[in-house]
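Only one chain is given next, in structure tokens, and it is the form predicted alone.
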């Protein structure tokens, strides 16, 4: 017999578990998800069991039953009933839930799907007296149900965000004991000393963020996709005590720089100098804490890139070939891939670039595009021939696949990174050109190609190495040390193939013991409201504009990380940003921390009171400790957005605890009540101190402000994030805090509406039509008899009130659209908005347009 399984398929867990349990001898073969092993089926399936008779079983439960049968264990009626329930009730719910979490990021909705089958399972189990489902020994039913639930139970991120943690009395007491131990014998704060180098016995983490292209000012999507996500993880790693180096820099070579220089009347180097400074300034404002932010236009870049080139050449991994390229006769230059657009030959997407289609993700040679256009002048380019060098990817494919299997299985690769990489390998690798007929780039050192430069995809990733080399002469201790160094790459999904396939092939072919990526973290795309960012159209917030909004960088960081596009594309929304700021930051987080500190100042003369814990206090401490452990588990796996929810949960627990115990009332009572108020206040201010620690990777300024107000010990952050996490009493009785003040400010509707209009570019056509219609309606009203009298009778207070209601309802509608709620809900809220607008028009003395005309304007 032979069992065919595929990687990552939850159905295969059942068959493998039963095979292990029964001891049946059977060969196992891992197949791809696209491979068909059952001849008469039109689609691929797994698992598949090939029987000695040549027949195939491809139902997971049938395979499990068969293996139990051949092992001599008969199935009972009760077992068959459980298998039937699992197949018809449990498994569909599990698959739907997994789909909602993995592809849509809907954790709460996924939990709701599982509620009914899990409740039924709980009720059934509570009525049984046997150790297992059907008997005192394990049956196939136990294995099948466990395997069905395994994907949900093994990943903490799949648990609903609002689930309460149920803990035993022993767990609560243990958490309280750890808390009571305080900061004794905790590790000291580790100061960064440059240059940071790998250390024996330490976890040495090398962290890179995709190099931003120098001639583009980064927008919010660029910032969250690369540098901000990497910064959160870098700050977290340092708090955990890892020996971590975080490097990045501007990617400065290529045709785009030449064209930008021509536009601005500068040399390419002057353009690079100008925009490198702009990038550095933007990231500094966003508090991106690089250990070194460099650039690719350096001597070390040329030196290292040419060394890798020669090593590839000497080992036979480069090919020569004559290729056809697109040349724009109007611009008098060969067109770089990203400066030509056309129709994708594979999926027919009309705006495919000359190197890759953003829709289907497949690589393209520019000459394969249909109806190509030069992006600079919009003329149709012509095809010309030129001799170039290619990296022989097919020759390196076997070694690449071996390395990928090890890296993906042992490291943390996001789902989209794994999928994109596998799709490249599935299609088969082809030689990839590494030279270009350009002037601005790293020169090719080969005599026959001295007029050419390296193609940016080959050259730019080497920038990670050269930037590190400009940071320290001992750069090879990081980049030629795979035994000691763990490499994390952060990027948006369009950069994945160059980091998972092409660049690793260059380093593998160089055969110089290079450090290859262990963990590849890729985001989906962040859009702006309901469209894309566009500098030319004035749509969206770009990095150099954010600081001019008056909103602190920590609030920007929080909101971008709150909607970080981890499993699917997400959209920035001004209305939603205001909601999150006012509800999560102001009312939840800020309200709790401020009240905790104010109670110490007002009721206890600025000194933390004595804390005599009862069961309620211990339960709160245990709940907070559980959230802290979840936070660490998630961030260890680079689940940045989910870990942020744990911070907000801690604050919610604190707020609920404070509301239930009402220390502001008990402080006015007798001695027992005053002592109780002191305990509650002391516990709360310690929860606030923990919040300062877990907030540091996300909101560093707010984190430091909280600690300064509480005058918290320097070790409070790092001490509580060691190991699996420990919530300890960092502010003991008698500790004096500083001056407490509010952390956040409300974002008002008027402010948000003004920002939305400012960054909205040209008004959408519907809004323009509506504005014109209202204008013409107003004009017609003025010509009607009695109109002037009607305007004289308007109520200014009512107009003001209705204007405010319209603005609030408009924000609500935009927020609902951004959250992609059900259409019926949006329709209902839009109807309310239209009714309010109608009332406002009447209050202003205008005649509102009939609703029936909407949508019929031409």
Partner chain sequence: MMLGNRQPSEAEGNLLQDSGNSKPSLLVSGVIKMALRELSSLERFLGLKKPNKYSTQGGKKVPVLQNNNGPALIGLVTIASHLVHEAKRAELLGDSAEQRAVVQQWIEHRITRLDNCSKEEVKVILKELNQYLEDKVYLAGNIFTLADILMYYGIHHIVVELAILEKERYLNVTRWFDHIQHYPGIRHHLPPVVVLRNRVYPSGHH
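Take the two forms, find the largest set of C-alpha atoms that superpose within 1.5 Å, and that set is the rigid core. Numbering follows the first chain given and starts at 1. The shown structure was predicted, so the numbers you read here are calculated from the model rather than taken from an experiment.
In what follows, reference is made to the form predicted in complex with the partner chain, a form of this protein that is not presented.
Although the partner is absent here, residue 41 sits close enough that one of its heavy atoms falls within 4.5 Å of the partner chain in the predicted complex. A residue is said to contact a partner when one of its heavy atoms sits within 4.5 Å of a partner heavy atom; residue 168 fails this definition for the partner chain in the predicted complex, lying far away. The closest heavy atom approach of residue 61 to the partner chain in the predicted complex falls within 4.5 Å. Using a 4.5 Å cutoff between non-hydrogen atoms, residue 34 does not count as a contact of the partner chain in the predicted complex. Though the partner chain is absent from this view, in the predicted complex it lies within 4.5 Å of a heavy atom of just one residue from 28, 826, 805, 51, which is 51. With the partner omitted here, the residue from 84, 329, 307, 412 that has a non-hydrogen atom within 4.5 angstroms of the partner chain in the predicted complex is 84. You can rule out all but one of 73-81, 356-364, 383-391, 192-200: in the predicted complex, only 73-81 has residues with a heavy atom within 4.5 Å of the partner chain.
Three-residue candidate spot 56, 66 and 89; every residue lies within 4.5 angstroms of the partner chain in the predicted complex by at least one non-hydrogen atom. Relative to the superposed core, residue 120 shifts its CA atom by 2 Å or more between this form and the one not shown. Relative to the superposed core, residue 425 undergoes a Cα shift smaller than 2 Å between this form and the one not shown. With a cut-off of 2 Å and the rigid core superposed, residue 291 has a Cα displacement that falls short of the cut-off between this form and the one not shown.
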